[in-house]
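Only one chain is shown below, in structure tokens, and it's the form predicted on its own.
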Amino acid sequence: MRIIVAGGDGFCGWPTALYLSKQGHDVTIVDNLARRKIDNELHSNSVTPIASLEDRVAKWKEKTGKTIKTFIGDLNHYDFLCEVFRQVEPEAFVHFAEQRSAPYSMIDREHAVYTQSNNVIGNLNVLYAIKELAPECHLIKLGTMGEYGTPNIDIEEGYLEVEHKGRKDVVPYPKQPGSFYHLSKVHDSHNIMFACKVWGIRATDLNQGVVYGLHTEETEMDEQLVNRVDYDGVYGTALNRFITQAAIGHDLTVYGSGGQTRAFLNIEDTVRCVEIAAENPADRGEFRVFNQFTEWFSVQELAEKVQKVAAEENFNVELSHLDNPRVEAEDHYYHAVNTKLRDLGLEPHLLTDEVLRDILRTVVAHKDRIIKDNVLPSISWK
């Protein structure tokens, strides 16, 4: 299958591109290298050294004999995107190419505007390119479980059956996003659903939980293929920050009460979920939603898991609680449905001590790259 992976230089996109290439698909990466530029803007970095995209794909070809084509450019530039479509003639378009940090979107007006214009307009351009140049192409779009927020009812997969004044209907599940980033994903979902309805596009929205883990079989083949480890207060997940804090002997800093609960999945499951969606495409005109996660944890539970594994590795750290820089419910109900991907064959990799130990040891091996001033939060929602 001819597959474009947009954002293929990023944390989710890179291992996905390698995995799909290994499975025999003809993979093309499209990326504007914005994530690397944002590292420079934030004076931050990945704990693991990341080779250039050119060197990465060259090493992949050296190791496997498989070629991954690359186009460096922006989805917001429609002429560029159309030329990519003409050359590749994609059968599937995997869309990771969006600004993915909630804190980054909340820095100030400029960063909120950038996040929404980059994400929403880029996605809209992809929809038009499919309509005009590849109408059979299946859009596989990375959404987020954060679109739903934390409602006091079960979270269904995309849709909710409601009864109101004696009448029933199936409607898109109500969205309660928690940042300008998450709002951009809601706008994407609405635009995709509309495009499917009026143009007959086929699309799958993968509402992904927080991704953890580092290695896949493919990224472990050579140090130049390694994936990112983001740890700072802007792009680092809570789990990565806790692991990094343990490695440098810092208290594990839990925001607020620590009761905030979110859905999670392993990076190995991310790549598999994309493969499942590609091999089982939506029908023409169908806007399909999969909740892409395998388990859920509170922030406090994550900190305790990291503390336990760190102690076993002779890093004895304490837990401490910071004032929460976010505006969010800290103690709430959380129960979400995730059956569709499992029904199609997903066999989950769960968060084990071994997974945490692997990340911790990798971080320790590169701890001289950690910029300690970047670990604590610096951005407030208020």
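No experiment lies behind these values; they were computed from the predicted model shown. The numbering used is simple: start at 1 and walk along the sequence shown.
Another form, the form predicted in complex with a small molecule, is not on view; read the next lines as being about it.
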query	finding
Any non-hydrogen atom of V210 within 4.5 angstroms of the small molecule in the predicted bound form	yes
H215: touches the small molecule in the predicted bound form, heavy atom cutoff 4.5 angstroms	no
Proximity of R228 to the small molecule in the predicted bound form, heavy atoms at 4.5 Å	yes
Touches the small molecule in the predicted bound form: G143 (any heavy atom, 4.5 Å)	yes
Interface segment, criterion being heavy atoms within 4.5 Å of the small molecule in the predicted bound form, picked from 61 to 69, 348 to 356, 41 to 49, 26 to 34	26 to 34
Selected contact from G249, G73, G200, P172, since only one has a non-hydrogen atom within 4.5 angstroms of the small molecule in the predicted bound form	G73
Heavy atom of each of G13, R100 and Y181 within 4.5 Å of the small molecule in the predicted bound form	yes
